[in-house]
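One chain comes next, on its own, written out as structure tokens in the form predicted alone.
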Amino acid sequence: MPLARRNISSIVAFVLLALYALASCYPFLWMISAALKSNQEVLISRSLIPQVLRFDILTETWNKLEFWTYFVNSTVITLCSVVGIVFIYSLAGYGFAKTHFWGRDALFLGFVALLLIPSVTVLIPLVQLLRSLGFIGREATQFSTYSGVVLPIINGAGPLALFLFRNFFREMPHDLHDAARVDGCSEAGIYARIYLPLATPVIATVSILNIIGVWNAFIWPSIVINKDAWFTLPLKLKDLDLQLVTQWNVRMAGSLITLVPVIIVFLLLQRYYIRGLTAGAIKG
């Protein structure tokens, strides 16, 4: 391809990507702008730059949200879910990648095929099952209710997490496995001492994907959690504005406050996230 044509193609691609990035970022920028405006200015002004900065909106919304109480609830559910997902499916991924058993490939394809099943299709039977087991309902404790939230989330995250872990472990040299076996290390020891410490990129990728999903989850927690004191931040957020006139600045301030922890986690782990997607998906 001639150099001039290649440069034109690069410029066109850059412009298209820049426009796409701008369109993707605009809602987030509007949310930040609205959180710093009066509600009247939100309704009449299209500018992203507030005429008068209203930091008091963020302060008042923080207090209305009772942030720390519901932050703890969200953190407990998110951490339990992510730790369970990483532990269970890193083990499963290692088993599918480095051990041999009858029907291994067919079973793996069966798990991956579950990605095609919409989660909403199993919502009613799942609720009935958890209710019969005592995980949810009026008599359920906070521990059992949170277990009813976390266990289906762990199960639902299985296909993608298993896919990423299995592909990552499969690309690692099998000589490491053979050398450890010669030295007398068990399969559990090989997994814990050799493969898992090397899997930081895919662990970060799986963790970020599920932290975002679990932290922002609304439908499933709203079905299972039946007491206000046990709500997560997204559930509390829906009760933030009960006035007849919608207070868009308050809603956007609450959304911004709720998103900040996820943004911080992503910024801390983003370099591992990219490496994990490359190793776990492209090589697979």
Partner chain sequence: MRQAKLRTTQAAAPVRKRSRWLAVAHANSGVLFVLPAVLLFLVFGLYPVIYSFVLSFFRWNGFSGFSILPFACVAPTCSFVGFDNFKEFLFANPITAGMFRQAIWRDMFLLTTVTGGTIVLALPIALALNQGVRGQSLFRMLIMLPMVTAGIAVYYVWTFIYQPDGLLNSVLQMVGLGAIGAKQGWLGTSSLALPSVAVVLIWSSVPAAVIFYLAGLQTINAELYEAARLDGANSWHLLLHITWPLLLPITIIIVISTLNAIIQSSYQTIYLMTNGGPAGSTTTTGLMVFNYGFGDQRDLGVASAMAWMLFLALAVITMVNLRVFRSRT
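Positions refer to the first chain, counted from 1. Heads up, when I say rigid core I mean the largest set of C-alphas that superpose within 1.5 Å between the two forms. Predicted, not measured: the structure shown is a model, and the values here were computed from it.
As for the form predicted in complex with the partner chain, it is not shown, yet the points below apply to it.
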* Looking at the partner-bound form in the model of the complex, is Trp68 within 4.5 Å of the partner chain by any heavy atom? -> no
* To do: Give a yes or no for Val42: in the model of the complex, does one of its heavy atoms lie within 4.5 Å of a heavy atom belonging to the partner chain?
  => yes
* To do: Answer with yes or no whether Pro197 is in contact with the partner chain in the model of the complex, where contact means some heavy atom within 4.5 Å.
  => no
* Asked: Can any non-hydrogen atom of Phe169 be found within 4.5 angstroms of the partner chain in the model of the complex?
  -> no
* Out of 189 to 207, which residues reach within 4.5 Å of the partner chain in the model of the complex, heavy atoms considered? -> Tyr191, Thr205
* Asked: Does the distance between the two CA positions of Trp68 reach 2 Å or more between this form and the one not shown, the core being superposed?
  -> no
* Quick one: core overlaid, is Tyr26 moving 2 Å or more at the Cα between this form and the one not shown? -> yes
